[in-house]
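Heads up, what comes next is one protein chain in two forms, each shown on its own as structure tokens, labelled structure 1 and structure 2.
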Structure 1
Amino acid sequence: MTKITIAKGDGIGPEIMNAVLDVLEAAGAAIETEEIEIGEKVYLAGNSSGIAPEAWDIIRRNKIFLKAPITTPQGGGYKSLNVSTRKFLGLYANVRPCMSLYPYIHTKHPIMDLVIVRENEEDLYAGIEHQQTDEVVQCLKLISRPGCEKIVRYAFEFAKQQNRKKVSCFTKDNIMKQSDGLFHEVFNEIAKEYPEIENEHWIIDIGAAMLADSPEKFDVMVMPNLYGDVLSDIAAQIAGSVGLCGSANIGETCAMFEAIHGSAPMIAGQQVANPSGLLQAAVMMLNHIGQTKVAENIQNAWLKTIEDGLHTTDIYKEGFSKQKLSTNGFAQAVISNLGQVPKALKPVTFDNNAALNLPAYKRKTNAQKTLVGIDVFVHWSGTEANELAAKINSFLPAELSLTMITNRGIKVWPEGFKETFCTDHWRCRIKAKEEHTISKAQIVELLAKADAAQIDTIKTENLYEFNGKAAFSLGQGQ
């Protein structure tokens, strides 16, 4: 018997959760549930995180969390509970299977069976944003080697466990050469450890176009957080409906399982919601806790129900579906089909799957790190980069030189174009001259001189070399 935490959530959440629990009970799932309250009521009671501290304790104690959709109130000050849960519990892997159920669910892509493995903790979802000038806001994109290694290894191990043949990596490292470049580099390193699994890399834009056009080309797909968030919903929709897909969020000690759709408050209480997404999440949960026979039985019964044309309103098609069912009616149809397998759709077999082999991350030996310069970001309302360059050069010591000024990443000095539109946010790159390095004491002195010259410095970024290799990007056009 495994004790799990459940949350019925908001909107349609209680209806679909009750339906799913009925199926789990009928299928003989060996689980005991402990319920917590999260979401809108908790937010509006004054808790900006949407969850009480004692609820966190329950989730951490039970380690397995089955969650219905919640509503985050409109307005500022409310943090996403989904994002918080993933980060606080270290749920680094988001796993979303997307499979075509053609011809029983309408889709333009009858051959589609893929899994998106999305990094879940970092990237732009670190949520670190600042307004720096009147005209410019910044959002930091954080990509770490541990984050890359864990998610890429998970993708290959998942492919190995599920007897899948290929892992595709998606990045935009032709533009973000440092951050996405690290993700691609780690993918190439780890792919060598799995010679039996085909690997490939796609630039995200053409890869997304190929996914929308020919999803049958893909098997397991791994990518950073933002790309995964976007593409997983696209994949679910082109497979037939976002309402049919579940999601697993996997960490080293805890795991959360949920539908990928929202709380749909406009149809709450009407018994028209499709419980399939949360049921698919529950199947993934059962596989995760080792109850593979029960998971297999439920999944095949669900496929049989879909195949029989017993559909909820969202997927019902006049003249094709056999019967339109309520939320509870659909759950009862699945229960009636327990022990049966689909005839046209491919039955699933989970019981032979080996456990995932996910070793703990091992930190590499530190590289030799050399400070060679600094980017000083300046709030300046002037329009001529030459004027700003002259002000900075007036107080630079002989061993340092201003090598570049950019505006929104585009080089505007030296040899900038007058056509380039500039905001009030300027990056001034100052580097040590040949055979020199720069010290942090020099940086402090430099900033003091900038302040005395009435230059408004808003941020600095140290420029490093690691083992002699520059670890910072060039300016556009440099």
Structure 2
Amino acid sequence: MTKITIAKGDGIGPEIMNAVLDVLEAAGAAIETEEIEIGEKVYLAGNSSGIAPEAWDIIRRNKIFLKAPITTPQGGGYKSLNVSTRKFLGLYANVRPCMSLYPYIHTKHPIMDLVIVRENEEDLYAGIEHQQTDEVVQCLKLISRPGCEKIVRYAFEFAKQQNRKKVSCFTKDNIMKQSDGLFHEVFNEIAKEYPEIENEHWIIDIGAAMLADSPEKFDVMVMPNLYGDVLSDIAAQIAGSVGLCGSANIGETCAMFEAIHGSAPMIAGQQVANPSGLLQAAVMMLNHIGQTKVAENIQNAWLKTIEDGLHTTDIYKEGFSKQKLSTNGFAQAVISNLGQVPKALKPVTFDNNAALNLPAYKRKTNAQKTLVGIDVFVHWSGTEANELAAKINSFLPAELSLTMITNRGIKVWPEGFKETFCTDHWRCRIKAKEEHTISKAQIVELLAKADAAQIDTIKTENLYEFNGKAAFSLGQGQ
């Protein structure tokens, strides 16, 4: 008997969770549930994280968490509990299988059987955002080497375990050469360790278009957090419905299982939601905790129900479906099919679905890091970059030089274009002239001088070389 934490969540959460728990019980899953309250009610009761501290204790003690979707109230002040759970518990791999079940579920893509492995802890989901000037806000995109190594290795190990043939990586490293560049670089490094598995890289825009057009081209797909979020909804929807796909959020000690969709408040309480996404998540959970036979039994009964044309509203289509069922009606149909296997769709066997046991990340030796300059970001309401350059040059010590000013990344000085639209957010790149390196003391002095000259510095970024290689982007147009 495995004790698991469950949360019924918001919107359609309670009805799909009850339906799934009915199926788990009927299939004889050896689980004992401990329920916690999370989501909208907890947020609105004044807890900005959407969860009480005692609930964390339960999640951490049980380690396995089956979670229904929750509603994150719109607007400032509320942090997404989904993101917090993934990050607090180190659930670095978000695994989202997506398969078409044609001709039983209507889709334009009859051949589709892919798994999106989405990085789950970093990228723009660090949620570090600031308004810096009247006109500009910033969201920090953080990509780490451990984050990349862990997720890429997971994708290849998963492909190996599941006997899948190809891993495709998706980034935008033609633009984000440092951050997405690191993800791609790590992908290339780790791919070499798996010569038996084909590998390829797609720029995310054309890659997403290709997924929407020809999903049969893909097998295992690995990508940073935001791209994975977007692409997995696309994949689920083109397979038939976002209501169909489940996900596993896997960490070294804990794991959380949920549908990929949200709380769908518009259809809540009407018994029309499809419980399949959460049921698929529960099947992944059973495999994860070693209850393979129960997982197989449920999955085959589910496939048979789909094949029999017993469908919820979201996948019901004249000519494809036989009967439109409610949320509970669908769960009861799955229950009555337990012990049976689909006739036309391929029955599943889950011999290779145990939890993966990956090596822990090993920290590398530190590189030789040299500080060679600083980007000083300035809030300035002027329009002529020449004026700002002159202002900065008026107090810059002889050993430092202003090499460039950009506005939203595009070079506007020296030799900017008068057509370039400028906001009140300017980046001034200052570098050491002769010595090549600059000290922290010089930076402090520089900032004091800027302050005395009434320059409103809003932030700085140090410019480093790692092992002699510049580790910062050029200005666009530089």
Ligand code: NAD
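The model shown is predicted, which means the values in this text are computed figures rather than measured ones. Each residue is numbered by where it sits in the sequence of structure 1, with counting from 1. C-alpha atoms forming the largest set that superposes within 1.5 Å between two forms make up the rigid core.
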Form predicted alone: structure 1
Did Arg60 shift 2 Å or more between the two structures, C-alpha, core superposed: no
Glu434 C-alpha moves between the two structures by 2 Å or more, core aligned: yes
Cα displacement of Glu318 between the two structures, once the rigid core is superposed (Å): 2.7
